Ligand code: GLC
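Shown below, as structure tokens, is a lone chain in the form predicted alone; questions about how it binds or moves come after it.
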């Protein structure tokens, strides 16, 4: 991996090296040795990796303000214990009424994935705004000497993705391939406008995981496997979301601190056994950028860290005082507040979902207790009075929360009175999303110049994902897992199939999901749109025993390519997925292969690049390059059945462009590899993974794990 990272970073920094042909793997390298790589251009300099030996001090764009500090101190001094603990409590909108917000001095509410005003999936922008006003008015109707406004948080992770009709941008994995911080800042600003229009002031974004293992079901929430790019994107995204805290901005959340992308086997909420140097310089990189940009909140991770080399087991992040207080607050200088994840305190030893003095003492300032908030308030009150939680720790937590609210300008104005409130047009930025799709696409293969397509060609479109907006948008889209959605749930979206019809003329495009019984002779080209079905955290994990072979989980995609390959027509595959997967058989059956990631609601961004323009000057070219390695073997992290092969087919920085010849020969398929461990090893590894997932799974999981991920299906 050192050579891979060096090559990509040198290409990015110097913008002179031939990066397009960075193809790894012994067989693949031999197949490509006779072909010149495509020379790529980069539009900005990727930051250099850091080499800190300890957590660095980071200077925030928001300097210390003595007047603000004095105001915070005065407000906190006027508060009762009940009012302070209320400020530290965050409840789910399904579990708390405005009247209860007033009675218990609640400081924050959230809507989890799949939660909407009145439980209505298609709630209007007016419904969201009315509920925001109701909560705000309740917080202003308490008997506190100084009324502290409530703040509402939402998982707006690729646009305002919980709101019906909102534009959904590509997930972070695609944005990472764009290598464009200016684009990221613009998306952050557009997301803030949409969120603020609904009356909400806080986005649980961006995710700053530096995901190392594609088995992790949250890989698509990670910009890159390389820390420097995540650092640059963190700064840009936070800047876009927060701006200078005007009426069109929201508070950002740097999440999930720290090491969620480093867990062994990519197990969600699992244990990271990385070195201190890697935790600081790789997995800490995003936090350096976010804090510098002035992020006002950080969300603690579900995961754990065991620094085996140094003999320090920090345990679950929500209880790791050395990290939340020692590293983040004291050494790095973060002066915002730390919020826990959904019922995360219940995972700490000796704690429950409603009681955890350890977490507060460790440095959690606001506690996400979706349903058990009333019991949490009672327990925490008793724990402070009994001396289990020092009052000074409570005062510090509340001071941090109030300081952030003051910086945001929340005092004195109802959500509906802010600029842009209720403006349905703010939910839409289709042009920006379409641009983001264009920039994020990565061309992995283009034999015989199968691309670009030419207008007027007779095209057969195949594949389950061609006419599926749920597949395009993935998880965290209206619902938590992204399941139980239909095209009708995204009224302003455009499928890739619809975009192909618009680009080529509806009369020239025929669609068949399976291509069964279709005469292939009349067609000039075939476009296969295949990939993963929607998933989110936990449910999306691939167990340690399973291969990363895409067709092991989606055999229908292999079947449709095998069917159309018989026609001997150019086959262009558009791969819609939340991570890079082992797809050598699919690559062999395709003349051109495009990694489209999870592009969101704007399918036309795909066809913008697939089709040639009438003039070369008017053509959109591929600009995306891999921000993480692409596997060239079924078990890149295990070596089963392919111990002598290099794990990566394409290195970070790889991506083809028009024009140019860069043929990829037949790739090895390792048909004998059916699992990534022996039966005994698989059973033990999977049992451990499932045990960790069961212990750490948030209660919002309402559907069982899919059969291909369950231990009983092995």
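Residue numbers count along the first chain shown, from 1. Just so you know, these numbers come straight off a predicted model, no measurement behind them.
The form predicted in complex with alpha-D-glucopyranose (GLC) exists for this protein as well; it is not shown, and the discussion that follows is about that form.
Contact with alpha-D-glucopyranose (GLC) in the predicted bound form, judged by any heavy atom within 4.5 Å, is made by just one of 257, 220, 337, 476: 476. Note on contacts: among 444, 497, 110, 609, the single residue with a heavy atom within 4.5 Å of alpha-D-glucopyranose (GLC) in the predicted bound form is 110. The stretch that touches alpha-D-glucopyranose (GLC) in the predicted bound form, counting heavy atoms within 4.5 Å, is 111-119, out of 414-422, 111-119, 600-608, 289-297.
Mapping the unseen interface onto this chain, residue 541 falls outside it, with no heavy atom inside 4.5 Å of alpha-D-glucopyranose (GLC) in the predicted bound form. A residue is said to contact a partner when one of its heavy atoms sits within 4.5 Å of a partner heavy atom; residue 368 meets this definition for alpha-D-glucopyranose (GLC) in the predicted bound form. Contact annotation for residue 302: at least one heavy atom lies within 4.5 Å of alpha-D-glucopyranose (GLC) in the predicted bound form. Within 4.5 Å of some heavy atom of alpha-D-glucopyranose (GLC) in the predicted bound form lies at least one heavy atom of residue 341. Residues are counted as partner-facing when one of their heavy atoms sits within 4.5 Å of alpha-D-glucopyranose (GLC) in the predicted bound form; in 528-561 only 537 qualifies.
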